[in-house]
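Only one chain is given next, in structure tokens, and it is the form predicted on its own.
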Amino acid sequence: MESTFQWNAKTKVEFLKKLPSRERMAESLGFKPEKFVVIYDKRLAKHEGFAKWIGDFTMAYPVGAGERLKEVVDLPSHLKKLMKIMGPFSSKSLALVSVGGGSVGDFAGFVASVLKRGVPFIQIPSTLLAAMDSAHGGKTALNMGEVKNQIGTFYPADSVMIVKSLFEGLPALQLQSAGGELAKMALLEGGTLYDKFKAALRLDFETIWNLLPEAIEAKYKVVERDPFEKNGERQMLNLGHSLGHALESYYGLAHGVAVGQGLIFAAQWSAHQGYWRDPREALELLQGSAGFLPAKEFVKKHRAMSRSKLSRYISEDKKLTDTRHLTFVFLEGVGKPFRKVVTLESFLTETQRQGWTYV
């Protein structure tokens, strides 16, 4: 699959077999920059194809991927080093390119948004999760200590180039993490995306790769209804995240794996509240080909979290509307999400009822 999609007025999404040449990137932008500056995950230097590709760029800035990269106190140091690499430039003479997973894309996107008040930006995600999720929609983010994503901008990439060769040979954990995001989009979108997700015997690389275009299109449908998070529609993309973010932080889970576990919680709470009459098929899919665990099996493997500890994690989450309420995404069925403000107490009580937490 090698193709180009114009998902919206701003961002072009391309599916490529191999890393793009300068000419291909210039074509994607619609003009030829004098300088390409590449911010990339330094671990990619071990990838033979990438090592050869990055050697053609004199302006390259390797970074350590992970939440530490996004720490706002380190931003001035990064900017000073980048400015030294770039030298004098105008906002129209330079394009910034990000090659990495979600943390690298968040960081590079923020930098692109503030340099000269915005320079052309290309995202080349190197994880399937980033290719499906964080590379799209224009949200950039930096962290304030342990509190994630508190500083940011809306700055959609001009081009997202999804390169198949970067994903080949990914470990099973990355595939499962991407599977969590794919499951979320399938439950939100329903229709043919859910049908294809349901038909998959297992979420191997080729299955996820072939479903990427539909999953990305489903995300853009939501984003375009609420591009700057003003009317609440974009909050639908938080399905599975309320508990998922806490699990991610407490257990050190990969983001997509934590979201997958959060989907099980959301489906079961939706059923307990009487919103979703029969979520059994979806739960079987989440626990089958997607490989996520029901609460009892999860805590048997990882140990349960205390209710007070979960409360502290939730208190730092952006979905909290005030100190006692949060916006939760429920499901009335596949393709039928809705938002509802719930009390923090009811959320904590439900996690205890399902077995995720203890008093």
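Each residue number is its position in the shown sequence, starting from 1. The shown structure was predicted, so the numbers you read here are calculated from the model rather than taken from an experiment.
From this point on, the text means the form predicted together with a small molecule, which you will not see here.
Asks: Go through 225 to 233, 270 to 278, 94 to 102, 195 to 203 and give me the stretch that gets within 4.5 Å of the small molecule in the predicted complex, heavy atoms only.
Replies: Single hit among the candidates: 94 to 102.
Asks: With the distance limit set at 4.5 angstroms and only heavy atoms considered, check whether K70, S126 and S134 all reach the small molecule in the predicted complex.
Replies: Yes, the whole trio is in contact, each within 4.5 Å by some heavy atom.
Asks: With the partner left out here, check for me: in the predicted complex, does some heavy atom of I314 sit within 4.5 Å of the small molecule?
Replies: No - in the predicted complex, heavy atoms of I314 and the small molecule never come within 4.5 Å of each other.
Asks: Can Q174 be called a contact residue for the small molecule in the predicted complex at 4.5 Å between heavy atoms?
Replies: Q174 belongs to the contact set for the small molecule.
Asks: Report whether the minimum heavy atom distance between K148 and the small molecule in the predicted complex is within 4.5 Å.
Replies: Result yes; K148 sits at the interface with the small molecule in the predicted complex.
Asks: Going by a heavy atom distance of 4.5 Å, is P294 a contact of the small molecule in the predicted complex?
Replies: No, P294 sits far enough from the small molecule in the predicted complex that none of its heavy atoms falls within 4.5 Å.
Asks: In the predicted complex, which of the listed residues (A65, L310, A290, V37) lies with a heavy atom within 4.5 Å of the small molecule?
Replies: In short, A65.
Asks: Among K32, R43, H302, H325, which has any heavy atom within 4.5 Å of the small molecule in the predicted complex?
Replies: Contact check passes for R43.
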